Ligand SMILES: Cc1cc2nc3c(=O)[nH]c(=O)nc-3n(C[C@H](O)[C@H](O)[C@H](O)COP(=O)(O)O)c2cc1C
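Before any questions on binding or motion, here is one chain by itself as structure tokens, the form predicted on its own.
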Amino acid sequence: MNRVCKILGIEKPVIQGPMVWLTDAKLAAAVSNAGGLGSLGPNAGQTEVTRDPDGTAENMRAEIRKLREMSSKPFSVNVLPVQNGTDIYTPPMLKVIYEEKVPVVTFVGEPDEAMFSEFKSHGIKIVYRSLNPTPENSRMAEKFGADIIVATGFDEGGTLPSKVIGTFSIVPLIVDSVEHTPVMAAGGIADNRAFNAALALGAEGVYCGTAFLMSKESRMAENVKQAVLSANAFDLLLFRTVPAYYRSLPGELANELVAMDKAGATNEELGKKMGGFANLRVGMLQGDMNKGYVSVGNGISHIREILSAKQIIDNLTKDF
């Protein structure tokens, strides 16, 4: 049996990325019911920006309970600790995760031995994904007890790695770096060819974001879905920001960020102008592609229609 499926208790080795604002119980349940692992991001199901850590955590509790009404299958909650500074959001979120007996966490950041040990004490499986995957942090994650390691390449959407290494270069590098932990491929994977290529390079499953943004169940604005359908990877704009790079479909804000980058603005200046995840919400959830940005991966080249989450998983894994 496929090790990823065995560890997570799923039928097909596909994880839906948490994607901050753009996930909710409906999408995660659809993915889990289709045999993959659905995931809830930090702002899952929310529509308004909140600065209240306890309120954010309680919103997650409500979303977890909605998901469980729609699916009895395993799912994941994203854990994204602040690793340089005071972290007021993670402690209340962890409290909810433990109280609600969440079966899997997707942990993003540098490996944290104490936190991994705490997850294990609660019987939680750990999917580890570094924003900047390296042989060193992959081995450290394995040492600390990660159950699965995600190798993310520069082809992804969202926060891009600082090293410009493509998905099908980083995957075998990470596979060869760890001793016994299964590796999943992330970045630009949106069809069966990419799924099979990832497995040929040693990955034991795939971790997809953009592919599920384009699902019928996705919260992403319909006008944005149509814009993605009519675009391909050549249409995406790339610019520096904090911590390293982002890409977006064209729009007033994205065009301005590219111009600032070419003019020599600092990453910090670009990051301030970009507006963080708040302007992702504006662009992708609310559909204002001028005031916000639309960050998707290079896999958009292979997405040609809006399908259900089940159809997407079935197409990805049709040879599996």
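We number the residues from 1 along the sequence you see. From a predicted model like this one, the values you see are computed outputs, not experimental measurements.
Only in words, not in the display: the form predicted in complex with this ligand, which the text now covers.
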item: One residue of I97, V224, I149, L213 in contact with this ligand, assessed in the predicted complex (non-hydrogen atom, 4.5 angstroms); value: L213
item: Among the candidates P161, G158, P250, P111, the residue which, in the predicted complex, approaches this ligand to within 4.5 Å (heavy atoms); value: G158
item: Exercise: G209 in contact with this ligand in the predicted complex, heavy atom 4.5 Å; value: yes
item: Contact of A186 with this ligand in the predicted complex (heavy atom, 4.5 Å); value: yes
item: Proximity of G283 to this ligand in the predicted complex, heavy atoms at 4.5 Å; value: no
item: Contact label in the predicted complex: G297 to this ligand, heavy atom within 4.5 Å; value: yes
item: Among 233-241, 76-84, 135-143, 193-201, the region lying within 4.5 Å of this ligand in the predicted complex by heavy atom distance; value: 76-84
item: Interface residues of 3-21 toward this ligand, as seen in the predicted complex [heavy atoms, 4.5 Å]; value: G17, P18, M19, V20
